[in-house]
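Take a look at this single chain in structure tokens; it is the form predicted on its own.
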């Protein structure tokens, strides 16, 4: 059974995820930094360090949300970043943020389904995703479409939550994710389901070697998993 945000509602996971992010979009950035205690910024910077080494000119940011990863990825000096997302609410916040920063010539945000990308084959030098792949309706389909739009030799970089396995971080993490995080998320976002879905979706996600195994199966080469912050988060990389 797939993990979905709203168990009492009909609709596909994709539809429910879009609704959820529309509901929390105006509070998302605040909650993201608050609930991670700002560590999410460090995680993105570590991913961009990897991206820099490949000197990409054209980058696709999947599940771009409010554009934080796209903005951070400008440190890699690409000519252009295109961000796609299924949530109109998140994109509206992101577009306003990019406009205020004067970055409209560098970053373009579009509505887009990560599993049906409206781009030709072999287009992008790099595809990046920050905390988005666990929300896919069909994980392998989404990863396969990313592979399709990557140029030969292009780089995939995925940041995603993972599950710590060492005492006491494992126990502390589980307590925080199951008890503290949903409570704070509910109070600030006014959406009880969104921050209950987060730990459930992380728990269901095939992290570590399971995820790199899926990348290998699809055809990515040189796949690696780099755990960060005691395994709370991991950066996954692969090449076409």
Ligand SMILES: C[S@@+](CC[C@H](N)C(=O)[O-])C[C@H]1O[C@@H](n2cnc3c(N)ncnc32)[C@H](O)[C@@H]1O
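Positions refer to the first chain, counted from 1. Bear in mind that the values here come from a model prediction, so they are computed numbers and not experimental data.
This protein has a second form, the form predicted together with this ligand, left out of what is shown; the following refers to that one.
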Under a 4.5 Å heavy atom criterion, is residue 232 part of the interface with this ligand in the model of the complex? no
Is residue 85 close enough to touch this ligand in the model of the complex, meaning at least one heavy atom pair within 4.5 Å? yes
Hey, in the model of the complex, does residue 71 get a heavy atom within 4.5 angstroms of this ligand? no
Does this ligand come within 4.5 Å of any heavy atom of residue 21 in the model of the complex? yes
Of 163-171, 148-156, 101-109, 127-135, which is the one stretch near this ligand in the model of the complex, taking non-hydrogen atoms within 4.5 angstroms as near? 127-135
Just give me the single entry in 63, 194, 51, 202 that has a non-hydrogen atom within 4.5 angstroms of this ligand in the model of the complex. 63
Check each of 211, 43, 28, 177 and return the one that places a heavy atom within 4.5 angstroms of this ligand in the model of the complex. 28
Would you give me the residues of 4-27 that have any heavy atom within 4.5 Å of this ligand in the model of the complex, in order from first to last? 14, 17, 21
